[in-house]
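As a starting point, one isolated chain is supplied in structure tokens, in the form predicted alone.
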């Protein structure tokens, strides 16, 4: 009985200590979320909203705009390309760093370096490197490999893959750090025992490293999906502006164009509501997954 009372008191004290921060967060974010839904339900005249109910006009328009769902589809294409590459590359990298291959300290620094470079700077650098007259194509021309010369960001067929590469290059550093933190829980004796039984590095990675990283991989998939859906604006703005044509137009960037360039603020707000709802579903999935796994200290 005393233990139950003590537990309840501790929980109450924890909520009391957290309450000031929760109130601030609710005011900053909760108020803005309510306003977002309100803005999607009233009529707009350019950038000025009225108090007149729109009768769900913008929600009706939402389902008549092919570009909305095409942009969302491109976001999921990027997710489908980026996630497998980042995960498999990271597993390979962290396995070799954990196994302390020759030069492992340098590799650890090298792969984390892109994570500290500002996103806009990265986008500009890769746009220059992959330009039709950039260093990569210049080298290919010098080697008489003209058939491999591609304007990666200027070609509608390759622009989205160039964008994926920029994301992959940046995210390897972050994923390497969190995967290494999880891998630190594996006892070295487990690898030693497997090596005595004749296992090579590939078998060690497949049967020891990968299974031990499975739970962090599941959570990483969800968090990375949320990131790609909501944090590509700066990369696209600095590199492609959604082009060529609409080849790299994702939902987040389409919200910006609709609301601020096409001055359809009501429709732009409604699309933002759609993105918010999709993100909330992913957040709920993440919270349930993390609570089931009881990952203390992860994320």
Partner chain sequence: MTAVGKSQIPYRVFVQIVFVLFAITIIFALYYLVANSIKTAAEINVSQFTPPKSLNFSNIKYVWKKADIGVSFRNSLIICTSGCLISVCISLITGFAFTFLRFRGKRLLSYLIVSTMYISPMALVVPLYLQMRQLHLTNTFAGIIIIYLGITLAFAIYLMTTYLKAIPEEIIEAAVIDGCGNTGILLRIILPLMKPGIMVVGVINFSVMWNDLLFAFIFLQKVEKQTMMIAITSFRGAMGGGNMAYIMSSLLIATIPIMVIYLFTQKFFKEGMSMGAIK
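The term rigid core refers to the most C-alpha atoms you can superpose between the two forms while keeping them within 1.5 Å. Numbering follows the first chain given and starts at 1. Source: prediction; values computed, not measured.
One more form of this protein, predicted in complex with its partner chain, exists but is not displayed; see below.
Residue contact with its partner chain in the predicted complex: residue 107 places a heavy atom within 4.5 Å of it.
Contact between residue 102 and its partner chain in the predicted complex is found at the 4.5 Å heavy atom cutoff. Not displayed here, its partner chain is kept clear of residue 281 by more than 4.5 Å at the level of heavy atoms in the predicted complex. Although the partner is absent here, residue 114 is a contact residue: one of its heavy atoms lies within 4.5 angstroms of its partner chain in the predicted complex. Annotated contacts: 53, 59 and 156 are all free of its partner chain in the predicted complex [non-hydrogen atom within 4.5 angstroms]. The single contact residue among 272, 68, 41, 249, judged by any heavy atom lying within 4.5 Å of its partner chain in the predicted complex, is 272. The partner is not shown here, but in the predicted complex the stretch 166-199 reaches within 4.5 angstroms of its partner chain through a heavy atom at 169, 170, 172, 177, 178, 181, 195, 199. Once both forms are fitted on their rigid core, the CA atom of residue 206 lies less than 2 Å apart between this form and the one not shown. After superposition on the rigid core, the Cα of residue 53 moves by less than 2 Å between this form and the one not shown. When two forms of a protein are overlaid on their rigid core, residues whose CA moves 2 Å or more are considered shifted, and residue 279 is not one of them between this form and the one not shown.
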